[in-house]
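In the block that follows, a single chain appears as structure tokens, in the form predicted alone.
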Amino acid sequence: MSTDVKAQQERAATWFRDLRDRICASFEVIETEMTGSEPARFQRKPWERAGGGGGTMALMQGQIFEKVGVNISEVWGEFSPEFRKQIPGADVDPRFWAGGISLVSHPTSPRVPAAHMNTRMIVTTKTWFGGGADLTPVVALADDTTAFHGALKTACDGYDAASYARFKAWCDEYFFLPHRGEARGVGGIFYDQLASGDWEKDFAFTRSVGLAFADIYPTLVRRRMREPWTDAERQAQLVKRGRYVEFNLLHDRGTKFGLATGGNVEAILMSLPPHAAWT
């Protein structure tokens, strides 16, 4: 591995840790604003991967956030023979390095949208970035959808003029439940195998995606967290969460990648909600 690639890995891993700290602090402030005394706090739990590396889970269960996880990982090793053909560059050399951040928020109130964000860097004989962010409300509210997409579009526009349309369409296609014939939520952006040839540009974009989410999502939470809600809305939320479970267990690439590379099962399945329903 070249010195340049090693330095890139260290910079990316540091960024994912810093972004985790920023988001966790922001969410804890929201819990404090709502509850006052003795608010919930993130509990961090490190884990190690037998094949190399590990990560840290950060989980909070509070009044606003019924369950929110912000996990980081940095793992390395070799892909299994059956997995090598699925990963760019791994068919040439099975060794890999992967670092990233993964966040899933399941709010208590059905008026506050659930959200997902992850960004990652992967190195085989090739190097690329991937990730994105999407919003899953129980009832789609135009103001929230517009604000969320606007923040992500601004991040994309700083990369190139065509990226928002491309990554939005990719998100709409990816976060779709074919067996239900329905979208998981109101979308966002999704990108993978981002390797323009300019690592600094691609890394800057990945940072911009994380910062855009870290800014807009707390804004949406504060906008809705004090609104009253009904039992019917809560039931609709639980059913929506059931759809979320179906997607993550049946279709999500991150879930499959984590399990195939020997990741921490508890951290990989952090995305599952604390309560869900099927009808």
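A residue's number is simply how far along the shown sequence it sits, counting from 1. These numbers come from a predicted model, not from an experiment. Whichever C-alpha set is largest while still superposing within 1.5 Å between the two forms counts as the rigid core.
Separately, the form predicted in complex with another copy of the chain exists; it is not shown, and the next lines address it.
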{"query": "Triple contact flag His179, Val245 and Leu272 to another copy of the chain in the predicted bound form, non-hydrogen atom at 4.5 angstroms", "finding": "yes"}
{"query": "Ala277 within 4.5 Å of another copy of the chain in the predicted bound form, heavy atoms", "finding": "yes"}
{"query": "Any non-hydrogen atom of Ala25 within 4.5 angstroms of another copy of the chain in the predicted bound form", "finding": "no"}
{"query": "4.5 Å heavy atom contact, Leu249 and another copy of the chain in the predicted bound form", "finding": "yes"}
{"query": "Touches another copy of the chain in the predicted bound form: Lys67 (any heavy atom, 4.5 Å)", "finding": "yes"}
{"query": "Stretch in contact, per heavy atom within 4.5 angstroms of another copy of the chain in the predicted bound form, of 50 to 58, 208 to 216, 33 to 41, 234 to 242", "finding": "234 to 242"}
{"query": "Another copy of the chain in the predicted bound form - contacting residues of 136 to 155, heavy atom within 4.5 Å", "finding": "none"}
{"query": "Core-superposed comparison between the shown form and the other one, Ser271 Cα displacement 2 Å or beyond", "finding": "no"}
{"query": "Is_shifted Ala25 between the shown form and the other one (CA, 2 Å cut-off, rigid core)", "finding": "no"}
